[in-house]
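Below, in structure tokens: the form predicted alone, a single chain.
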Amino acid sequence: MEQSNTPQLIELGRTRETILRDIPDGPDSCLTCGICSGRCMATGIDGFDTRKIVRMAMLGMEEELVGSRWPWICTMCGRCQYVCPMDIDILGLIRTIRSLRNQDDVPGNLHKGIMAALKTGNNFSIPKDDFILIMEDVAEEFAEEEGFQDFKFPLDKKGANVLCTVHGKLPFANTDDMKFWWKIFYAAGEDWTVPPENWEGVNWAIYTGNDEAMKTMVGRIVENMEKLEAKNLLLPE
């Protein structure tokens, strides 16, 4: 199991209790049947094994788990939990383990994205003016397609039926992908809008176990809903 060279655990004194909260019946919960591992699409990657993670948590191997790469290989798809005969909250366990790692030591770009989102309102630090310019440019291209000549991008529209958040990757690198759902809305005659600020719909904090950041991001979406008096919310994922 791969270990980091930097300190990983936070609040070490309570990690045992914190991790086991997702396994309420204690060490006798897991039958070690391996059904979870059999359903997992990541099984075998760098030795990843869902059953071993559950057993290690029950045996008090917090330091090994929190310092390992294993919890970050998990895609949190939920297939393991769905088939668990003992209804162990495996996704909760994975997320709890992740939350106990120092956020600065979170692998990949997840933590950087979270910090960017908290500061700028989106995971890729796209400024408000740039976002508006990008969306307007894409809307102009869209209106040049046959059948959509009267399309207008409904930015910051009050009282719309649907408020749409946006996947940060779309205005960053995949602008054409937005046109697919715009076409659906146009064909359906849907009344929708996109907020000019805090439009990011992918909450990376969910995946790192950073509850405070997650609440902040969700709270911003709620504020947009209330401010624009939207009736329904559409998330990109």
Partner chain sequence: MATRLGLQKWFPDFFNKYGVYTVFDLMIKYIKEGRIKVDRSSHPELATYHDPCNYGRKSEMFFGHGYFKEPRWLMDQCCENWVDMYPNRHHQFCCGGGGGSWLTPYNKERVFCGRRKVDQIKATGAKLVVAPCHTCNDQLKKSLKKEYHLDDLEVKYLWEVVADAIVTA
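Please read all numbers here as calculations on a predicted model, not as lab measurements. Residue numbers count along the first chain shown, from 1.
A second form of this protein, the form predicted in complex with its partner chain, is not displayed here; the remarks below concern that form.
Peer 1: Is there any non-hydrogen atom of residue 58 lying within 4.5 Å of its partner chain in the predicted complex?
Peer 2: Flag for residue 58 set to no.
Peer 1: Spell out, yes or no, whether the shortest heavy atom distance between residue 108 and its partner chain in the predicted complex is within 4.5 Å.
Peer 2: It does: once its partner chain is placed as it appears in the predicted complex, residue 108 has a heavy atom within 4.5 Å of it.
Peer 1: I'd like to know whether residue 185 contacts its partner chain in the predicted complex, with contact meaning heavy atoms within 4.5 angstroms.
Peer 2: Heavy-atom contact with its partner chain at 4.5 Å: present for residue 185.
Peer 1: Determine whether any heavy atom of residue 181 comes within 4.5 Å of a heavy atom of its partner chain in the predicted complex, and answer yes or no.
Peer 2: Within the cut-off, so yes.
Peer 1: Among 155, 138, 126, 91, which has any heavy atom within 4.5 Å of its partner chain in the predicted complex?
Peer 2: Only one listed residue qualifies here, and that residue is 91.
Peer 1: In the predicted complex, which residues of 133-155 put a heavy atom within 4.5 Å of its partner chain?
Peer 2: Read in sequence order, no residue approaches its partner chain (within 4.5 Å, in the predicted complex).
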